[in-house]
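The chain below stands alone and is given as structure tokens, in the form predicted on its own.
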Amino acid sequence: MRVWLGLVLALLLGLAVAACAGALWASPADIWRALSGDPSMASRLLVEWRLPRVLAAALVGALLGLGGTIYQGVFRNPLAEPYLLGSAGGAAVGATVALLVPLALPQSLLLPVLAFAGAWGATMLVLGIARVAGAVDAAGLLLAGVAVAAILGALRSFLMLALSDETVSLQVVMSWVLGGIQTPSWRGIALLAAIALGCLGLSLLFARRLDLLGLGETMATAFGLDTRRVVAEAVLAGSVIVAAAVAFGGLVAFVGLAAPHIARWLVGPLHKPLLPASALVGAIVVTLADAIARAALPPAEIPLGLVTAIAGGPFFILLLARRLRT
């Protein structure tokens, strides 16, 4: 119980710090005035821009934590990362099209929709390739995902070269690819919160089956589990979760790797408590990382993916060294 209380308090503290952080720091009194309906421009900016972004960062982090936990459970590999199966590459292609191709719909709508469609399409392509090859297991999906991700990365680079006609367009695409929380309206926050709650419920449906997969395919089959079907369904569910995170937050590396590890240290390996704990840890990490991205070099903003990569790279190296020693 103390662990859960500590996680909730850490998230609330992170949200408070992030709400104050920015190119111009706000005090807690400023935040309170803004929430109380103060009509000044500074208060309106806090309510209409900073606070929705802070909440979006927390929700994106929660989605990344859930996706990372599912992938690590499916592949029975603590070094697995949500972007293994090409979902990030597909989302990046969709976002590139939204940013560079003039279409009739507003870009604020096209970006999340096409990013989500690209991530979903990439995952379906990976599953289709694995089925055609007769290798719908963890190793086959992983190999197909690496190949599809490489192809999609090349396609994204080609689209950037072929469709961009000015440096600003390339900068916009690169800033999204390097990670950055999209600041939604309050209606968008409600939608993202509903998506996050739905994804948490979806992931909890796989909790027991992921526990059985952790025993190995032979033992899982002995318990009556259809491992190939469960792997395919769990990968699809994980990709839906990652696609939602990528659609609202760009490509944010290492959070899906680190959050499940930290949560596993706190609550143990069983997935029923591990999934919500990973969501809370991911929310804390992305909330604080986004605050650093906004406040470290004012008035400029550091891409969120760079902040998480700088922190996550050493974490990954430590995990790898620890795994090699065991």
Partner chain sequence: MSSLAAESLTVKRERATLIDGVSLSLGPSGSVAVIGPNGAGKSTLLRTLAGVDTPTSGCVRLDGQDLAGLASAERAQSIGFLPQTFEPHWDLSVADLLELGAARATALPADAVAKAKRTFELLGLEARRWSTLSGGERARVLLATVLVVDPPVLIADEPSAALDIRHRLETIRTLAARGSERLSVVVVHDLDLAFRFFERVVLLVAGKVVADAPAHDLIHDPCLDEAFGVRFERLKLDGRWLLRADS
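None of these values were measured; they are calculated from a predicted model. Positions refer to the first chain, counted from 1.
This protein has a second form, the form predicted together with the partner chain, left out of what is shown; the following refers to that one.
- Contact with the partner chain, judged by heavy atoms within 4.5 Å in the predicted complex, is confined among 91-99, 171-179, 192-200, 74-82 to 74-82.
- Proximity of L215, A222 and P269 to the partner chain in the predicted complex is complete: all three residues have a non-hydrogen atom within 4.5 angstroms.
- In the predicted complex, R228 stays away from the partner chain, with no heavy atom inside 4.5 Å.
- Although the partner is absent here, E233 lies well away from the partner chain in the predicted complex, with no heavy atom inside 4.5 Å.
- Under a 4.5 angstroms non-hydrogen atom cutoff, the partner chain in the predicted complex lacks R33 among its neighbouring residues.
- Within this chain, R131 is remote from the site of the partner chain in the predicted complex, having no heavy atom within 4.5 Å.
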